[in-house]
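Take a look at the structure tokens below, where one protein chain is shown in two forms, each on its own, as structure 1 and structure 2.
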Structure 1
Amino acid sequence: MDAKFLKPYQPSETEPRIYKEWEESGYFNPDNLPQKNGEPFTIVMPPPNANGNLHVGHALGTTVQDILTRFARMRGKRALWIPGADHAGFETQVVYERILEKEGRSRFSMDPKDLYKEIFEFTQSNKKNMEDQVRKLGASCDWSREKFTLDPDVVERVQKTFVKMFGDGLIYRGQRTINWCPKHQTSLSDIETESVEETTPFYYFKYGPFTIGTVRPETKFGDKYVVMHPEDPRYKEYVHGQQLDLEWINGPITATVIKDEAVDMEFGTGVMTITPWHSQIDFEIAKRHNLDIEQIIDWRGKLLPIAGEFEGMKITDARAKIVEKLNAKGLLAKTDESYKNVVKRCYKCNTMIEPQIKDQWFVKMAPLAERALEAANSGRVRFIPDHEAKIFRNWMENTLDWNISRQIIWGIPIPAWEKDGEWVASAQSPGEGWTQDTDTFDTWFSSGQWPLMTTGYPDGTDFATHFPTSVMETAHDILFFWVARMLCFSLYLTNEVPFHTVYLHGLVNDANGKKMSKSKGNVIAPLDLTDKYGTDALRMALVVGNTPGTDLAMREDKVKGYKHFANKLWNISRFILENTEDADMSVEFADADQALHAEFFELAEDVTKDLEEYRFYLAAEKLYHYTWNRLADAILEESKPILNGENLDAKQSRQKFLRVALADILKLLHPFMPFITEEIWSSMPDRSNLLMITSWPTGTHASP
């Protein structure tokens, strides 16, 4: 028996050596596999952000993707898992801006090229750190194919997509209401904002003969339109277009009555004034009626000259003073101090989002969403869990045009050029006098094309062999923001879905089910747990009991429990190898061992079916209970008198069964616990290759 079994299993000593052996074998690359002409099985790694350490959610995704890849590889498929990293545009720039703040610097005083260079160096360092962490989680991905969202070929391809979409009329430039962060000076996607319910005073003001309500009196300086529902009987005496003279914040104004069905007759008094520049609803009303639109708040969150004496004040400082003035003029009717209001805030700095109107590039989503819906409805793409398909359809049926412009330097430049008010899309300058747009793409515009970019669209060898990919595994909270866009881009560019199955895992929360955040101090670092208990223990803790789409409460004691399981497996293996050194593998099974063998392969068939149906949580739990409760607690105890008895035939049969059972339980456990199973496998007599490429049990025993 191998001398290593004389001491307890030590993950910290074993895991780096095992991973190095895997990587040096070349078997992460499907071109080097014995089954290199087998059926392709492809997964594209959701690229972690290259701006920091992995979190425990990454560990869950990495584990599930690795289980799928190792399972496919052992079943003779040409398994390819493509790793990558995301430049993560706005998010990375925010991280770096914090570094600049600590150094007493600001991006606004830097040359954009210098800032880009510094962020690039920062991300390259973090990218290497992130890749090392992915390795420590046991990821059997093909590092020779690793991609970065700012690789030159990716940038070129993404820009070509923009040019094509512009030519096809799917991209336009126009004024729309955007989410604007006054601190970071950029527009944000919806996923980059957080909707927070806050208790905000709700003010009722007298506006001529009407009473209007608002939580934002600082936006009301330019309000000269009063809007009501055309069927509201309370205001039937007023007609559309009627003008009224009245007193307002900075003196007399003339207001115009607008009748529009967008008004909710049940809310407040059923009448409102509008601020088209700072509200999407108001903007749409203004567009329908061709009304004037004027900016009240500047890009830094301060009031413009239209505010009169309040010009230059931050809106948070001005609000109370504006209310005080209106009250002094007898225009404050009442105040509701308990009003619950949903406020959008920047998810990175918590600054209140200011709706602003800005010329931006937009994608027409309706025609793209229609094709994605057809793919889902026809079964070309499957969602796990099933209820996510309903959520997907709801989003696709109600999608809005997508703002893809970002006012940051860290990203892929938008290949658009302007001259005398005319815009063209081109990867190169159209000629003298043309100026390129200074904006960059929303990160989702590039990552939405990720399966295409990583497989070498349009003419790469991998694209021909590995596209469409097999499975997209990611968190359920980015179903719309990423998964839907990957479907849209792929169908638009190739007429193919980018993957046939979407597996959506839940979020990993703390032990109390609370979302992890640095401010709460409840962040669990996955590598802290692997250092303490081993990677296999963490992987099992993340999988067992974790149904797809359901958020997981992560407890350290659960990881510790699977460390005990790893130790149990180690001790089981030591016992079997020690007691089967002289096993004759040519003997026939006795009836009792034939029954045990049949029982085992019922388990193997169940586990195989569970994995085929993405029931990882069930497969892992069944293997845990068989190994501990059936094999260790029952079969091994029953075997001791047989192995020590005088009946040679019974002993030889039991030795063979135990050797076969150990070999096959290692195979079944390998996708879940790759390190310890590979380490034990290396001590199996007559092993011919690494466990990672050994054939999956199929119903008849395979020799170890």
Structure 2
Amino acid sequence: MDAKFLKPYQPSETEPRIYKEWEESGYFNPDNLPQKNGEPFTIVMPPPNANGNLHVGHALGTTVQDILTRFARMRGKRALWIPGADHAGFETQVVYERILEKEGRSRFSMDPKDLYKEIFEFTQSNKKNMEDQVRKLGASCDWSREKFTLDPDVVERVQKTFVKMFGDGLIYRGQRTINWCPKHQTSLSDIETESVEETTPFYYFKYGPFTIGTVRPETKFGDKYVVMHPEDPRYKEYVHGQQLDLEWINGPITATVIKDEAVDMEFGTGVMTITPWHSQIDFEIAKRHNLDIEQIIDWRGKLLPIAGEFEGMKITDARAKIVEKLNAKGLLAKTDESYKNVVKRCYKCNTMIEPQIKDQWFVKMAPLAERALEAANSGRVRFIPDHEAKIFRNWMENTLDWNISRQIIWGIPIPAWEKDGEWVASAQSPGEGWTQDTDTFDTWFSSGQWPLMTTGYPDGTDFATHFPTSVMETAHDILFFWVARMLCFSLYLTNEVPFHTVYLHGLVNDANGKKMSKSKGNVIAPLDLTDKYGTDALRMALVVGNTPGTDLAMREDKVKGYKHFANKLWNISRFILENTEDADMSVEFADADQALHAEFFELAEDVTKDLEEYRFYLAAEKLYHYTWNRLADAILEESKPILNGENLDAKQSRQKFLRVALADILKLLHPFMPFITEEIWSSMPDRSNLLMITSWPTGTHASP
């Protein structure tokens, strides 16, 4: 027996050594596997952002994906798990801007090319860091196939998709209301904003003969249209198009009466003025009636000259002053202080989103969503847990067109060119006098094509064999951002679903079930846990009892518990190896051992079924219990007298059983606890290969 078993299991000494052995074996690459022509099994890793450290959620996802991959590999499949890294456009630029801010610099005073270069270098060093962390988690992914979302071939193919979609009329350039973040100076898609309910004063102002209500007095300078419902009996004396002279913020103006059904008669006074440049509903009314549209607030959130004496003032400061002035003029009718209002904020910096009118590229979602819905409804793609499919459907049935233009440099340039107001989509310049759009893509426009990009769409060899992929495993909070878009792009480009199954894990919260955040200081770093308790312990803690789709409260105690389990397994191995050194593996099982063996295979079948059905939480728990309560507590104890007894036949049979049981429990545990199982396996007599490529127990007795 190896002397290493005399000491408790040492993960920190073992793990890097084992990982190196795996990596050098080449078996992460399915082309090197004995079963290289077997049935393909493919997972594409959700590429972690190359802008920081992994969080516990990554550890959970990585663990589940690794379990799936190792299980498939041991069952003789041509298992491929493709890693990647995401440039994460806006998010990375935000991270980098914070660094610049700390250094007293600003992107707005930098040459865009220099900024791009700096961020590129920043992500390259972070990418290495991130890859090392994925290795530490034991991920058996094929690093030789790793992709970065800004690899030149990815950029080229993503741009091609844009050109194709433009040609097919699925992408259009339009002047529309967009979500503008005044801090980050870019537009955002609808799902990149957070709607927060806030209590805001609701002001009623006298507007000629009317009383209008608003929460945003600072937008009201240009309001020269007063809108009411055509059926509203209270205002039937006013006719559409009628002009009225009235006193307003900065003096007398001429207002025009507009009758439009968008007005809710029940709300407020049933009359409103409109600010089409800074409100979508107002913009739609203005378009219907062909009204003037004027910008009131600039891109930095300051008032434009139309505000008169308020020009240049930040809107946050201006509001109170404007109300004060209107009050002084006797135009403030009343204020409702308890009004609840939904406000959109930038999901990264929490700045209030300013709706602005801007020319942008939009993806027409309805036709794409229809096909994705069909795939979900027909079962071509299956969601785990089931109820995520309902959430998916609800969103897909109510899609809004997707703004894919970002006014940031960190991303893939949009291959569109303009000349005299005319736009064409093309990777190369169409010729003299054309200038390229300076905007970049929403990062999800490229990551939405990730399963295609990583497998070599349209003509790579992996695309032929490994697409569509088997499973997409990711966090449920990016169902809309990512999963939905991958389905849309893939069905559009290939008529195939990108994956047959979507497994969505929940979020990992702190021990009290509260969301982890830097500001709350409750963030648990996965690598701190692996250092302290070992990767296998962390993996088990993340998997046992964690049902898909449900958020998990991460308790350090739980990880500690599975460190103890790892040590238990270590000691079981020590006992068995110590007591079977003279085992004869050719003897027949005695009846008692035959029964134990049959019992074991009931477990093995059960666990196999659980893994096939994505019930990792049950499989892991069953293995834990068999190993500790059955094998250690009962079988090992009852074996002691047999091993020390006079009956040689019984002893030899039991020795064989223990050796076989150990070998097989190591196999079953390997997807969950790859390091310690491989390490023990390396001490098994007669072992011929790495545990990671050893066959999964199938029912007949197995041995090293």
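Whichever C-alpha set is largest while still superposing within 1.5 Å between the two forms counts as the rigid core. All values reported here derive from a predicted model rather than from experimental measurement. Throughout, residue numbering runs from 1 along the sequence of structure 1.
Asks: Given the two isolated forms of this chain, which one is the form predicted in complex with the RNA?
Replies: Looking at both, the form predicted in complex with the RNA is number 2.
Asks: For N290, state whether the C-alpha moves by 2 Å or more between the two structures after rigid core superposition.
Replies: Moves: yes, 2 Å or greater.
Asks: Can we say the CA of Q124 moves by at least 2 Å between the two structures when the core is superposed?
Replies: The answer is no, as the C-alpha of Q124 shifts between the two structures by less than 2 Å after core alignment.
Asks: After superposition on the rigid core, does the Cα atom of P385 shift by at least 2 Å between the two structures?
Replies: Comparing forms between the two structures, the P385 CA shifts below 2 Å.
Asks: Aligning on the rigid core, what is the distance the CA of E198 moves between the two structures, in angstrom?
Replies: Reported C-alpha shift between the two structures: 2.7 Å at E198.
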